[in-house]
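Here's a solo chain for you in structure tokens, the form predicted on its own.
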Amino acid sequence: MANNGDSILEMYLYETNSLLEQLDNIMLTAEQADTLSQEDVNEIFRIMHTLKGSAAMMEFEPLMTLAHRIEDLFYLIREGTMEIIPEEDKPKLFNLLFKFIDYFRGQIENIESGAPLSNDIDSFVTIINTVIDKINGTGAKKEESSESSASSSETDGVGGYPYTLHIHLDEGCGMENLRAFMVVNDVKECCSDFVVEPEDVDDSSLAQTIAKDGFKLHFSTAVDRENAVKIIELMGFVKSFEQIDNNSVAAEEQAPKKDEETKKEEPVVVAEAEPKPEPVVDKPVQRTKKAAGTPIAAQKEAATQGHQIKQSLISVNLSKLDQLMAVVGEIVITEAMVTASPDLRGLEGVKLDNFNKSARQLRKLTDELQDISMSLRMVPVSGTFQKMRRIVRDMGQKLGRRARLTIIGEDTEIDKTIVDAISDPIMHIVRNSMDHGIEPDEKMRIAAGKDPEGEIILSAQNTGSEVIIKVEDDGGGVDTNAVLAKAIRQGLANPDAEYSQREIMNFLMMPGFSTNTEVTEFSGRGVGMDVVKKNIEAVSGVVQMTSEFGKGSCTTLKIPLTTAIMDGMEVAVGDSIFTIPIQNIRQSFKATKDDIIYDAMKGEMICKMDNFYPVLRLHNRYGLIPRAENTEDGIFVWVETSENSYCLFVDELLGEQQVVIKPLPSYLNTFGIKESGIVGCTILGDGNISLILDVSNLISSDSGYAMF
């Protein structure tokens, strides 16, 4: 079980990644509109505030500093609206935010992998400061007026600001100037009229002074100071603070209340950074934060609201869901074993009405339990799809191509482990569409009667048993003649053979194959579609590619909803039972010996729908003694994968059944079990074990058959 520190870190990583995705989507939409709405500005400010607070809680100083400076930037924009940004500087602002997102994501990946954070943020901070200085110098009149009033107040010491907070930070907390600046910025949320002493608390040269003597905030009213105290009490790095009434102004304001509030006659009140003993908050805030492990922003919200809000969502570790699925799988198997127990045979004459009724109810409950447990693992593909918008945007800028990404069916849900597995394949396909598909010259598109701006359509559809994901583009398509010529040059194709378009398209998924003549940042190394094929087949999916030269291309991924439970067809070969995934089966049929023909290598072939397909007899493949030795006695199962199609010959079909997939023991890998066409096993209701066939690897692993 993970310790409390690990849980806090996992929560931080989850929250931060979610916020970065949200920020990315906001910026992509804003860049298309060429402006940030006031709602966008407020949301970005809130995101930065949360990123800053969470990073400070985790003591990730570089991340806290960067988020803090971006927060300051958007504080200025929020106060003066986007009009304070010159039109020619808006693209620079967008690029700055995108660079910030990329940097933050890179650092989060370092945290996830256990690598150290980079402290080299000076150049980044300098760029942000330059933008802030430009805004302060050109647009924020409101800021100028407040700065001038603050400046005059400073010259008068605390004139007009008699209510002071003298704040001291924890010893050795580090970066005292930035922590002081965090306090100042947070106080601005509840009060905009106060004076800071020293004025430039974020100046690194003042870090030692602040560490030794602290710093002061001067307020014009006692109410403002009291609101500031509520915020400062929540900051874990604040050691203590003093409330000081400086001059006669405070005394005059308090004189009418002297009889009612005699306690305020004392000139100085010292309070440690602990909450006051009120009914709502009865614990020190620092201890509450460490126990709960929640981000600072969440603590603030809980403290200020003063009441509980019932949660309707919780986050669960994926390993616990894996354990749940394993238990549910065992329950499904056990239920089948009980209802199909051999002890019940021969009891037909005995009334089993009550047993059968209970068995039906048990089957209903196990089906519901199975559906619920599977649904817990289902997540929408929207997160993966939305990431592709950023890829299209960045590649469009670097390649100088205009293209838009259209997303359809992003609410389609799929198993969490499969979502993680298909993220890279979809990225490769989208990159291919941008690099190989969309024409580099808009004039070429116009001449072909197309929109000058290219379009990539990313869609997902749930068919019930699987999810179909398509990546389509309206680019130039694939020149199959060029692909075949290169395949022949690389020795992948026979120059004397004839190939269908589908077979030629399959060459694109061969390792090391690339249609680019030179290596670029995005392609040309022969790594891409072969990775797509490998990753998709690792989750029992298939890949299909189609293209029309001059019109565009389409890559289709057919992926099972989950890898834990699947629909399979049980077949018998001798005394053995095998499971064929339903999604790979096209048809089952009977045939005679006369229907079999032989190729030049003496391999068996059979004709279906005007095409010839190789025949693989499972008893020959695994050295079994069949019950159906003659072709007429057995049955053929026509199966298909992304790159080949063939017919399996088996003794008989036992029927369709939903099976729980059990992985094979790892030590069997030393015997090449996966390369022999077996991907796993399942336990049947009668206790027998059925081996699950890997249709994509079965015929290619047989030395007697070639790829078709």
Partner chain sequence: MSDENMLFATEEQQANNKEQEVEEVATRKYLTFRTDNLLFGIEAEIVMEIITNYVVTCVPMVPSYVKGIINLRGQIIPLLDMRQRLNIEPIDTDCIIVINVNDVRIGILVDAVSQIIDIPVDTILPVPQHNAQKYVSGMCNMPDESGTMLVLDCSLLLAD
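None of these values were measured; they are calculated from a predicted model. Residue numbers count along the first chain shown, from 1.
We do not show the form predicted together with its partner chain, though everything after this point is about it.
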TODO: Sort through 26, 58, 41, 678 and report the residue having a heavy atom within 4.5 Å of its partner chain in the model of the complex.
DONE: 678
Task: Of 105, 230, 621, 390, the one that lies within 4.5 Å of its partner chain in the model of the complex (heavy atoms) - done: 621
Open item on the list: Check for me whether its partner chain, as it appears in the model of the complex, comes within 4.5 angstroms of all of 662, 683 and 691 - heavy atoms only.
Closed with: yes
Open item on the list: So, residue 673 and its partner chain: in the model of the complex, are they within 4.5 Å at any heavy atom pair?
Closed with: yes
Open item on the list: Can you tell me whether residue 668 touches its partner chain? I mean in the model of the complex, with a 4.5 angstroms heavy atom cut-off.
Closed with: yes
Open item on the list: Please pick out the stretch from 475 to 483, 446 to 454, 621 to 629, 427 to 435 that is in contact with its partner chain in the model of the complex, where contact means heavy atoms within 4.5 Å.
Closed with: 621 to 629
